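The chain below stands alone, shown as structure tokens; this is the form predicted on its own.
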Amino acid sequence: MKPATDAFPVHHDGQDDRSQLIREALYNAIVERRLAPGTKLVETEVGKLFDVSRTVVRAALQMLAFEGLVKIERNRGAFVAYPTPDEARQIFESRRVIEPEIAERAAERITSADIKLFQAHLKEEERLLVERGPNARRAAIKASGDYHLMLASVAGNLILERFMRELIARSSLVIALYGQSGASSCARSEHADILDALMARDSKKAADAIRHHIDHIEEDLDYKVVSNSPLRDALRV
């Protein structure tokens, strides 16, 4: 099993670095709910705030679109993605269908090397849970999603793994936008319960544990409309 990695490697070219910087600022503003779903991201306005060209901004927006956080519409521009409550429910319904099967397969296939990677990941999640600040919150949400991608990797089905990558990306956006507590403090203990079942090679227990975990994640969602901030204030430039 390979540990989950960022979708976009960091480049050292000047323009790429600037695009990564803008992507990071926009990402944080979305995750921290300073930019509400549906907010239009005007290339010229973002470019002025960071003193960069529209080309640099466009590259950042394309990164976020690939991650499912931004929607780019022809002749209309880029907008913060807006998963509706119904779409969010469908995402978690899909996860309930797919992930228990993934957990069962993972319980049958897990190796001692995989277990060590999971244990190291749980330690990192625990470290993030005691940290404070927006960067820690963002990292905790990502780490939680990465745990599920690691499960899919152990299961050994590339099609299921591809489905999970899309579901986790969409789930992360939903949690960032609608989660009442961000990364739930229970996530690490529930992830540990799942790992215990995997280590025992108990397929049924692993499937049941992940169903409970998904239920718990969805229970933390609040679909009330969030307030918005002007782009300059949201990005704190």
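Here, rigid core means the biggest group of C-alpha atoms that superpose within 1.5 Å across both forms. We number the residues from 1 along the sequence you see. Quick caveat: nothing in here was measured; it's all calculated off a predicted structure.
From this point on, the text means the form predicted in complex with another copy of the chain, which you will not see here.
This chain is displayed without another copy of the chain, yet in the predicted bound form the stretch 84 to 92 from 110 to 118, 84 to 92, 125 to 133, 145 to 153 comes within 4.5 Å of it by heavy atoms. Another copy of the chain in the predicted bound form comes within 4.5 Å of no heavy atom belonging to A139. At the 4.5 Å threshold, heavy atoms of F163 reach another copy of the chain in the predicted bound form.
For E24, no non-hydrogen atom is located within 4.5 Å of another copy of the chain in the predicted bound form, even though that partner is not displayed. Although the partner is absent here, A200 lies well away from another copy of the chain in the predicted bound form, with no heavy atom inside 4.5 Å. Although the partner is absent from the chain shown here, none of E43, S172 and L221 has a heavy atom within 4.5 Å of another copy of the chain in the predicted bound form. None of Q62, S53, S189, Q180 but one reaches within 4.5 angstroms of another copy of the chain in the predicted bound form through a heavy atom, and that residue is Q62. Taking another copy of the chain as it sits in the predicted bound form, the stretch 95 to 128 comes within 4.5 angstroms of it through a non-hydrogen atom at V97, I98, E101, R105. Core-superposed comparison between this form and the one not shown: the Cα of I210 travels less than 2 Å. Core-superposed comparison between this form and the one not shown: the C-alpha position of P85 differs by less than 2 Å.
Relative to the shown form, the CA atoms of I91 and E67 are brought 3 Å or more closer together in the predicted bound form.
Here's the thing about M63 and G156: their CA atoms end up at least 3 Å closer in the predicted bound form than they are in this form.
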